[in-house]
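A single chain comes next, written as structure tokens; it is the form predicted alone.
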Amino acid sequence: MATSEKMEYRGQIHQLQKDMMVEWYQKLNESALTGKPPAVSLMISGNCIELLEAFDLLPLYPEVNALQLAIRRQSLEPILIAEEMGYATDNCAYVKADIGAMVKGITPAGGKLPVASLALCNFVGCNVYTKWFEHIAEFQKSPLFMLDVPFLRTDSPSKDDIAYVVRQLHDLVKQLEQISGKKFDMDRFREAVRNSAKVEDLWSRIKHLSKKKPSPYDAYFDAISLMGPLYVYRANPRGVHFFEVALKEYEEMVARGQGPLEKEKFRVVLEGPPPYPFFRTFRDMFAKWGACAVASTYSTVGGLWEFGFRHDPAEPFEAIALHMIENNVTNRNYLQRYDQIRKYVDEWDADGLIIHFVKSCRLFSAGQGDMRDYFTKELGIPTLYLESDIEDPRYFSEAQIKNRMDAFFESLGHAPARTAAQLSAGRAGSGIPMVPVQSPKLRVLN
């Protein structure tokens, strides 16, 4: 592991992750050339990869493609193409990068991407998904399946909400049978769900390792590297193997007292996605101050497994419905996200909170100003508010972000540590009704 400000990560899991994602893109290229296996476009949040695995269908994630374009600094061209087509400057930059790249045949890995045999919109929380997938279906002339997921209005979903989603999943099965040419196999489906439960348990154990001092990994930047295999291979035995390797590597680092930095000086919680076009630059700003993220909300867009949820192979359809409705941060309200962050600060023993406002993502960013006020004024948690974009490089001001981050960590270095009593007092005196992030259906891991 590196010990300088410019960090390089060369652990086994990072190479394995790269190999698995390259293989996925190779399969997408093969699907584009031959039509086999058929590909299905779907979203990250609350995805039903288990059903695709049961039919040997290939997941195609527009979000991952947009992310890869951004991290390779290839996103501006397709964004400008989409804006020339009529997409507004304040539209989701993920959408613009994906649509612009689709129209012009730009791909992050250099190969081809297949035309989706089905545009599956598993709408979860963000209404942009609906229009995005309508456009994908229109441009690719693909059939569209709109899976409507009720917003999590209380601390746990009602039986009616679960049954509503399950009925749609059964309708989806009929569509997947037509696409794949295969009959639905319940045993195969249960096995995929069982693999997901194993991966989720391993991933949760990894997330809890960042409570150690020093944390063996960065739960924002390194967690993002792990999220690719989590979404693409979660229901596959290869996903289970990957997270077994990852857990073992991080446990060995804990045993050696080793972390991603030469010295862990600050422990922070990150809210919001990163600026992918400047991912390395952003990370180096943290490394300069010895700041390690011990938890992040963005790593839970696909699932809140560190709070106990697991897919249940005994009730596989209900498990997917529960995952879609309650087990991802994007389908929860802001008070629930407040509580999630507060648990991270408390239980992961963080020194402060950093909020990254994303200009083109209203779902994650609307209300973050109030969030900053709540954590600073009500709980007394040092909080830094930064602004840029997840995809569009035009909104990243390196000098401005660096100055604000330097001032924050310099101030944090002189701030007295908050005691447990102070934190409890802040909670009791907030006056804000908090909805517990842990529903009665979830078990909390020790």
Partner chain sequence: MMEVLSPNIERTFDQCAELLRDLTFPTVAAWKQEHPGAKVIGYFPVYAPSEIIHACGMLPVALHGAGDGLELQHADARFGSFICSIVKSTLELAMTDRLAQMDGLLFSTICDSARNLAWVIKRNQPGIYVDFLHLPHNPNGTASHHFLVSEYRRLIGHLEELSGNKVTDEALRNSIAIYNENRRLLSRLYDFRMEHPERLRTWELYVLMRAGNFVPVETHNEWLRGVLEELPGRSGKKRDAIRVVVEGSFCEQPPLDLIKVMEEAGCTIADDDFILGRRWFNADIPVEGDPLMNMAESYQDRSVYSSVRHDFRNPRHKQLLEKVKHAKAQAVVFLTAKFCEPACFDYVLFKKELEAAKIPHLPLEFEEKAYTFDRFRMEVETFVESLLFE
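Not measured: the values here are computed from a predicted model. Positions refer to the first chain, counted from 1.
The same protein also has a form predicted together with the partner chain, omitted here; what follows describes it.
S.K.: Indicate whether Gln178 is a 4.5 Å heavy atom neighbour of the partner chain in the model of the complex.
M.R.: The answer is no: Gln178 has no heavy atom within 4.5 Å of the partner chain.
S.K.: Asn127: heavy atom within 4.5 Å of the partner chain in the model of the complex?
M.R.: It does: once the partner chain is placed as it appears in the model of the complex, Asn127 has a heavy atom within 4.5 Å of it.
S.K.: Would you please decide whether Asp161 lies within 4.5 angstroms of the partner chain in the model of the complex, comparing each non-hydrogen atom pair?
M.R.: So Asp161 counts as contacting the partner chain.
S.K.: Quick check on Thr281: any heavy atom within 4.5 Å of the partner chain in the model of the complex?
M.R.: No.
S.K.: Residues Glu134, Phe151 and Leu335 are flagged as a possible site; in the model of the complex, is every one of them within 4.5 Å of the partner chain by some non-hydrogen atom?
M.R.: Every listed residue reaches the partner chain in the model of the complex, so yes.
S.K.: Using heavy atoms only and a 4.5 Å cut-off, determine which of Arg238, Arg362, Arg205, Arg194 is in contact with the partner chain in the model of the complex.
M.R.: Comparing distances to the partner chain in the model of the complex, the residue within 4.5 Å is Arg362.
S.K.: Sort through Met85, Met186, Ala314, Ala255 and report the residue having a heavy atom within 4.5 Å of the partner chain in the model of the complex.
M.R.: Exactly one listed residue reaches within 4.5 Å, namely Met85.
S.K.: 242 to 250, 77 to 85, 207 to 215, 287 to 295: which one contacts the partner chain in the model of the complex at 4.5 Å, heavy atom to heavy atom?
M.R.: Contact criterion met by 77 to 85 only.
S.K.: Heavy atoms within 4.5 Å of the partner chain in the model of the complex is the criterion; list the residues of 377 to 406 that meet it.
M.R.: In sequence order, Glu378, Glu387, Tyr395 come within 4.5 Å of the partner.
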